[in-house]
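This document contains two forms of one protein chain, each encoded as structure tokens and listed individually as structure 1 and structure 2.
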Structure 1
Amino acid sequence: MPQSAENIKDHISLFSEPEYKELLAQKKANYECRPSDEKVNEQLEYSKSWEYREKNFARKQAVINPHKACQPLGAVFAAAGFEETLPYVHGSQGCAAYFRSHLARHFKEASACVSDSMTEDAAVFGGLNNLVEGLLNAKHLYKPKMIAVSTTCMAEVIGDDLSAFIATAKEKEAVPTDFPVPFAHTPSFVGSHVVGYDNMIKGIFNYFWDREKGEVKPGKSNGKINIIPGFDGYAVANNRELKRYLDTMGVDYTLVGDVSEVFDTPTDGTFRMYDGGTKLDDVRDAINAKATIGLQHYCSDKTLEYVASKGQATASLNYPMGVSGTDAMLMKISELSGKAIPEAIEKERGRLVDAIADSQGWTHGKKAAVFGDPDFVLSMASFLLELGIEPTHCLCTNAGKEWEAQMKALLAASPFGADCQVWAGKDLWHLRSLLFTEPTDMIIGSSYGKYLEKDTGIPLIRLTFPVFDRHHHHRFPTMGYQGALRTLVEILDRIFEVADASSDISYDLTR
């Protein structure tokens, strides 16, 4: 008997016990009708070949292990970053359940979001009644200051018009006329979560600047800079790091869609459904800012276009990571705010450079595969180039030609980028082929990469969203000089682990 009260074995060791090994072997031999081990091994080896790679890349329709989610997830995430705001999904309830689970699994935090539970009858007659009743209930029960509505693909296919529906709901007194209900159409069959994020931020600006009291013209400058962080699984720590920089510089700012508190509430006996977030008055006033900066170009494209249409200066970056990524962010903020970058920050920069110099012998010439959202891959690749690491495959499922061109320009500017291949619109099953035919020393991406690590034996470094299978990563920044330092340590740790595991002779105490 493998189990005992003194030494309780769970799934991690239980099924390696002889009794279970025998049970599984018998099941396979007698009941499963499996292909022979020989056939399995033959196909396994074939799947690692160039020939399989070519077949794999020849596919036109099948998408296998893609690295992207759908628009409303981004919209829900964006909405969660505003003061006492309840994200609301107009459409099937299953979607809302998925968004909540997905965010909860990454952040290890509760994720609030209601839906109006549209079913067959709504598919036929439209979801107006659901929205009216849903807004009424949501307002009563959860007492939000704002309800931010996004759509699912169901509502989009049947063509529900949110603007008209919300107006009707207000007429029917589901919520008061002056109660903020911004919205975004977020069809799941267009773009990905980064586009949904953009749509919702734009929708919220649009509500306060154009809909709440009619069109608002920018007035006297409030002297602030608006910062839109973008969809970021590390937003909890990154937003705080960002605020530290801005405070150190003495910049007056509005962080737009700040989820750092709501996805990091304390355990002290009280559950806070709402915490932190951008004040609604600050969003109203954001039209009077000096400028708006998007930290992730692909998460704020349309929003910035809208902001620019109000006559405000805009700028966008690609996820400020590494030395030059952080430099660019600080200089841009300094330029737009007129505030100098203080020596304290410059010293932090110096310490990061110091760390890179200390470790460059270990990073130089290593090869890496990077996957994730478009801005993450851009900035990660840029940081790798600074470390003397050669990004070998840069893959982004939710990117297109613009990103590809941007990647190629970045890589062309460094000798370490010379051999890099850029893969826009490809998935992780493509990456598997790439890693078998042209292997790298490391994979950098999300938890989904663990299957690649298992198959190829190449170590995975988790540095983007989602991280489901490791705890607390998002509590430490990846942005800024401190974030770069942490990222460097993660990379180095894996390099040293591999070195230690590789040789009994070179098992050095000092590295």
Structure 2
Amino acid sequence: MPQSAENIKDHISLFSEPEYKELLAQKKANYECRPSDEKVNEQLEYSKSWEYREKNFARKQAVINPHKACQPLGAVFAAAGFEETLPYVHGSQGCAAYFRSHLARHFKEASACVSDSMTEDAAVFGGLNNLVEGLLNAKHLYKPKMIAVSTTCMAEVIGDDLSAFIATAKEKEAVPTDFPVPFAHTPSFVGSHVVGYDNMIKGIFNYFWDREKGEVKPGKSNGKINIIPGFDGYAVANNRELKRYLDTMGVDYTLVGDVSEVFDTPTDGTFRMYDGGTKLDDVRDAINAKATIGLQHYCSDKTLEYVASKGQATASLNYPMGVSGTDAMLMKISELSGKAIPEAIEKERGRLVDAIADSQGWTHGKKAAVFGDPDFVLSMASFLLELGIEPTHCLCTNAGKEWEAQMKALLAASPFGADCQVWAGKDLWHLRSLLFTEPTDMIIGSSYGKYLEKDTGIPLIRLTFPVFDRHHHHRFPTMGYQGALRTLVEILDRIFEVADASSDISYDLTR
């Protein structure tokens, strides 16, 4: 055998050994019943053609590799950002395992989440008993200060009423009557994780402002600005960068749903099931803020509508990345808080502009395909235009007509956007056809783009959730001027790597 107890091989080298190559070849020949290699290659080549692209884009029902997750994932992520809060999934155990593993694989950090394990009997008779017993067990085992409940497909299909179920659980003393149990209905078969995030943030506000002690009227202003970061795989670093800006400006604020600690706990001998997060008393007091800003419009639409119904000023942005995106965020914060933008931050902006100018000879005229969530693609495309890069294909599976119109307006405002295309509601198999028929110099998205990279040979730059196959990207910001500088370096490194690999004629020491 190619390995022994004294010589343990990694799977990469192990499966390259002759024994395994022969084993896999026999499996392929005897059990897969596949067409010949020639026929397979013929079809692969056809799938790269314009004719196939037209057929691909004509499909109406089938979805192949959509770049989105389901609502409860966003709800679990949102709930994790509050003080000693336990995300609770009313549904099947397998769903909760998926949400936990998805977050753990990205953040390389344990993700706390429980489920009441609905099975066949609950699917027929309803999940009331599961929820009552689940809340009782979760409260006693994990001792949270709050349990935030979301739903999966099973609970939604049969119509479980979370408000009534939670009230019944409190009547049966599964949890004390004054114990916070906010909830959000998050059916997996509509919307996406960004909608689930929005629903949970709204549900938590709604609990403290309308349900805990009846409807609460706004009182005297506390002078604070509420900031809702949105669903963000780089929240660990981005939230810290955001707090640095706010502290430097002297702004009094509440960061609503702050996961920067719970998804980046230290290894120091102490296990932290909960760490950091927005204080529950700050959420109660958030109704008295001067204003609420959503940093990602498509992650906070319903929440901001609810906040506005309480008479509070609101504003929404689209993932503050790049020069103009960060400018818009800082100017809005300055406007609403009355605090000036200090010289130290203005100098950061100048350094970013200087870096862009230093490298414009390498970025100018390059073409990129961008995929991801609505706010990310908008902001990324805006930053690419600032760099002189053409965002040739902008694709977002979980977007609609509003986003499409916003994207087209952005591209129309720049000469670098003249030949760019917007693809709302399309999936990564659509993007594959686009890259073969109208190739770009780079792909910008998540780890799911690695299959496109391998198929097309176009280099992938990982800049959005999820990043499973690389480590610690989330520990460095993408928002703000410093985040834009880091993003610029990521893009330039891939450009230079391609230049170095393409020819010995230009294998230069200096770029």
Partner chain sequence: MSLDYTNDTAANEALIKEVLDQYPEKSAKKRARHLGTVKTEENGTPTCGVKSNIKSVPGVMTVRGCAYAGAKGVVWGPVKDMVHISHGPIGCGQYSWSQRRNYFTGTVGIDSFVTMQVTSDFQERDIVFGGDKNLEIMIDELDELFPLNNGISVLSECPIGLIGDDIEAVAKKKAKDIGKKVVPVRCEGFRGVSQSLGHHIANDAIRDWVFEKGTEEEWATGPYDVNLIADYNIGGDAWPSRKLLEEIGLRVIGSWSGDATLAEIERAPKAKLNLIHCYRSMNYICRHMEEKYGMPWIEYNFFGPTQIAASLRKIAAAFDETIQKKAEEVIAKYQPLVDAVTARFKPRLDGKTVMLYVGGLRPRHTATAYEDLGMKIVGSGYEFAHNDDYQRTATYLKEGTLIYDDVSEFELEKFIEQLRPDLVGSGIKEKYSTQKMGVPFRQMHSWDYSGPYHGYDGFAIFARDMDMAINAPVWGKLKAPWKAA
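Residue positions are counted from 1 along structure 1's sequence. This one's a predicted model, so the numbers in the text were calculated from it and none came from an experiment. The term rigid core refers to the maximal set of C-alpha atoms that superpose within 1.5 Å between the two forms.
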Return 1 or 2 according to which structure is the form predicted together with its partner chain.
1
One rigid part rotates against the other between structures 1 and 2; tell me which of 51, 36, 340, 177 lies at the hinge.
36
Report the hinge rotation between structures 1 and 2 as a whole number of degrees, treating the chain as two rigid parts and superposing on C-alpha atoms.
17
In Å, how large is the CA movement of residue 15 between structures 1 and 2 relative to the superposed rigid core?
3.3
